[in-house]
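As structure tokens, one chain now follows by itself in the form predicted on its own.
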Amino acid sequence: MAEPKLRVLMVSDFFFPNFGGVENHIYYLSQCLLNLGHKVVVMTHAYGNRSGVRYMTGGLKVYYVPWRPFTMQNTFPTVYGTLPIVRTILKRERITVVHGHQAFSTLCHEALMHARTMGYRVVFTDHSLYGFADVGSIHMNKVLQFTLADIDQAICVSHTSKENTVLRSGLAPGKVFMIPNAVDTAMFKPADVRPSSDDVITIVVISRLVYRKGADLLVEVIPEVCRLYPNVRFVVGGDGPKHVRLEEMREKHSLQDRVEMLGAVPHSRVRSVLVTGHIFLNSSLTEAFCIAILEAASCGLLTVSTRVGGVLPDDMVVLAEPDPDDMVRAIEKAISILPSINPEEMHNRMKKLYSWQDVAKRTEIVYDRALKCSNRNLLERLSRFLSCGAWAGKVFCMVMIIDYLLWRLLQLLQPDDDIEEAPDINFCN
């Protein structure tokens, strides 16, 4: 068996069997990197009874570490609790690059910190946008500043996301690459027979029903659109804390026969839901580049989306500010241009524009750049953290010094040579 070109560890709290854009991104990127001759290992927390080591399609190895989610599928922040298991995985799999995903992920931040302490090259991908004024964003931005102060390279999924990340973290723009999301066009094809829009127009929403996904906007937009257009119906797929608000809206306006609530939709069923509609509605407040938009466009749906990140070409999407009135106007415009939409033509364009193979090749370049970065000693790294703020910088330095000492202690208790290396298994396609 040929030696893999690179050995990459993908780390995030968000991975299958959970469903979402980050989960899809990690999975498809990993599969394409495997096809390019690299070894890819995923590290995430346990999901229910799914714990330990599992293998997925193409020989993708997944470590479901025995940490339980604390809130919103995030593990409880232990700072140092994950150091022993991260060290063991890095040594067992002979990892060369650690790639963390999503600023929300506690496991991602901790793994990147430990990897840098041990001298590994690290890359971070940011999938969301954040504000600067509310308390939650201020704290999140400080954590991100701490993590990105010592990384080698960063990736953002849109130009808007890149600007947002640079402003929030203080990272040098030259270290940040823009690589968009993509879509599996073989899986997301238009219906053989497009549903007629002459009698009923169906607007599809597939999203986690949480605040940052704009669920509160839907509560105001849906009744107004139904009032203006008696022939419009909505299909809402997804679950979350805001599900109750949507149910209350449906009861209040007597829209039970026009708003269908599907609940959580497995990714394998997303295409079958999309092809029943004509328009896809994305109301996200923080999305940097929504994969659901790409999936909808690949199925031939015209998209109405908030203006918050990477989007489709102008003739495939109608943009609106994250405001109920503006979104209603955008839906009105989308309905007026619906007859000119050709699903097959849209699908063929998506094949050329958004390819996971292209994303993987561009990510390879980022890994190569990271490997060429000079390896800094502890004092050089501490000087970077001191620049993070008068008080925060000193706290960050203390955290890193303790992490370094704990790592040295682990080396004394269990030398690197005592950690058994995992054999590479060749899975035939």
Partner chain sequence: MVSSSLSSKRYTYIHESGSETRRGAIDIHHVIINRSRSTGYARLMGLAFFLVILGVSMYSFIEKDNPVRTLSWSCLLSGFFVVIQSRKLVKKESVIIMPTFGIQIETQYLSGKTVSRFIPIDKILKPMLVECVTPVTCYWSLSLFLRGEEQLTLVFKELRPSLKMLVPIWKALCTVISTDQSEIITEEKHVVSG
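As the structure is a computational prediction, the values presented were derived from the model and not from experiment. Numbering follows the first chain given and starts at 1.
Below, we turn to the form predicted in complex with its partner chain, even though it does not appear here.
Between 373 to 381, 388 to 396, 356 to 364, 59 to 67, the stretch whose residues reach within 4.5 angstroms of its partner chain in the predicted bound form through a non-hydrogen atom is 59 to 67. Shown here without its partner, the chain carries V219, H243 and D323, none of which come within 4.5 Å of its partner chain in the predicted bound form through any heavy atom. When its partner chain is considered in the predicted bound form, G48 lies well away from it, no heavy atom lying within 4.5 Å. Though the partner is left out of this view, R349 does not reach within 4.5 Å of its partner chain in the predicted bound form, counting heavy atoms only.
Mapping the unseen interface onto this chain, G170 falls outside it, with no heavy atom inside 4.5 Å of its partner chain in the predicted bound form. The closest heavy atom approach of R92 to its partner chain in the predicted bound form falls within 4.5 Å. Listed residues G131, P77, P195, P84 were compared with its partner chain in the predicted bound form; P84 is the one with a heavy atom within 4.5 Å.
In summary, among the residues N231, S137, T88, T276, the only one with a non-hydrogen atom within 4.5 Å of its partner chain in the predicted bound form is T88. Residues from 397 to 424 that approach its partner chain in the predicted bound form with a non-hydrogen atom closer than or equal to 4.5 Å are P415, D418, E420, A422, P423, in the order they occur in the chain.
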